[in-house]
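Listed next as structure tokens is one chain, alone, in the form predicted on its own.
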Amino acid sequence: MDKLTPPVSGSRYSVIRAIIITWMTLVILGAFLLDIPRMNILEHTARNLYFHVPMWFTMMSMVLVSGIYSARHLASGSRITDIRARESARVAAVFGVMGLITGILWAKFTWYSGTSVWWNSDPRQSMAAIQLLIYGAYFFLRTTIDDNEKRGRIAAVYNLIAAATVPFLLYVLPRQMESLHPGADGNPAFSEITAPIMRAVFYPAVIGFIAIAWLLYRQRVRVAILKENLTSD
């Protein structure tokens, strides 16, 4: 098997990493130090907006990357495209899990404060959990096929189907159902209840978390290629 070339971590990568670290440091400082208006029920937990929602934006961005590489793998059969599709899907799943956890915690200390309830099958919670199960099945599928070429093709087809469900399960369907989440049927969108000062932190947070996902993805691809080269010796 031909050796694969891992991404090179040169000086430009180091500069980009330093910029991302500085960017996220400023975002975190802004998230906790800048004063925010007191919103009914949410109070200070509204600061979770800077973390919970960007997790889902980041997941969706990495799902898009994964889907693109799966499509490229079906077209070329290149081993590197399968690796990139797999690793970007893994990073997407990590941010999806963090999005679900931060959502559960947010709900607990707002909607269910003073109760023993942690989960009530809110449409967005349920759809998010289903989405993560779909990607869990993707990783399980990969473990059941030994042949690299066959595994890559089948996984790519499944991954494209999984990616296509994301906008429907995380955005379209929950907005058509009754939910406590903003933007759902009968509830105002966050843009209607958040102050400009919150948006000044929220949008940089989205960019920052996506940038962190890129760093993780790049490192995971590098490690995966190095492992691949070692096992092919």
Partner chain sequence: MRLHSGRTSWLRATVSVFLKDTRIEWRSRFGINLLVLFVLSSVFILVFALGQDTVERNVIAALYWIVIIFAATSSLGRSFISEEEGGTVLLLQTHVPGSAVFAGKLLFNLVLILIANVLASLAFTVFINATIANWPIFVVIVVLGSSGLAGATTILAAIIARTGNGGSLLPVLLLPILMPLLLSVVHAMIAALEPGSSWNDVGNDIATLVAYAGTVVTASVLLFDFVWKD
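Please read these numbers as outputs of a predicted model, since none were measured by experiment. Rigid core here is just the name for the largest C-alpha set that superposes within 1.5 Å across the two forms. Residue numbers count along the first chain shown, from 1.
FYI, the form predicted in complex with the partner chain isn't displayed, but the following is about it.
Asks: Applying a 4.5 Å heavy atom distance criterion, does residue 79 contact the partner chain in the model of the complex?
Replies: Taking the distances in the model of the complex, the answer for residue 79 is no, it never comes within 4.5 Å of the partner chain.
Asks: Would you check, heavy atoms only and a 4.5 Å threshold, whether residue 171 touches the partner chain in the model of the complex?
Replies: Residue-level check for residue 171: yes, a contact with the partner chain.
Asks: So, in the model of the complex, is residue 85 in contact with the partner chain at a 4.5 angstroms heavy atom limit?
Replies: Outside the cut-off, so no.
Asks: Quick one: does residue 162 come within 4.5 Å of the partner chain in the model of the complex, counting heavy atoms only?
Replies: Contact with the partner chain, yes.
Asks: Quick one: of 145, 97, 105, 117, which gets a non-hydrogen atom within 4.5 angstroms of the partner chain in the model of the complex?
Replies: The option sitting close enough to the partner is 145.
Asks: Any chance all of 16, 92 and 213 sit within 4.5 Å of the partner chain in the model of the complex, going by non-hydrogen atoms?
Replies: Per the other structure, none of 16, 92 and 213 touch the partner chain.
Asks: With the partner left out here, which residues of 60 to 89 have a non-hydrogen atom within 4.5 Å of the partner chain in the model of the complex?
Replies: Going through 60 to 89 in order - heavy atoms within 4.5 Å of the partner chain in the model of the complex - there is one hit, 74.
Asks: At a 2 Å cut-off on C-alpha positions, does residue 171 qualify as shifted between this form and the one not shown after fitting the rigid core?
Replies: Residue 171: C-alpha displaced by 2 Å or more between this form and the one not shown.
Asks: When you overlay the rigid core, is the Cα of residue 161 off by 2 Å or more between this form and the one not shown?
Replies: Yes, the C-alpha moves 2 Å or more.
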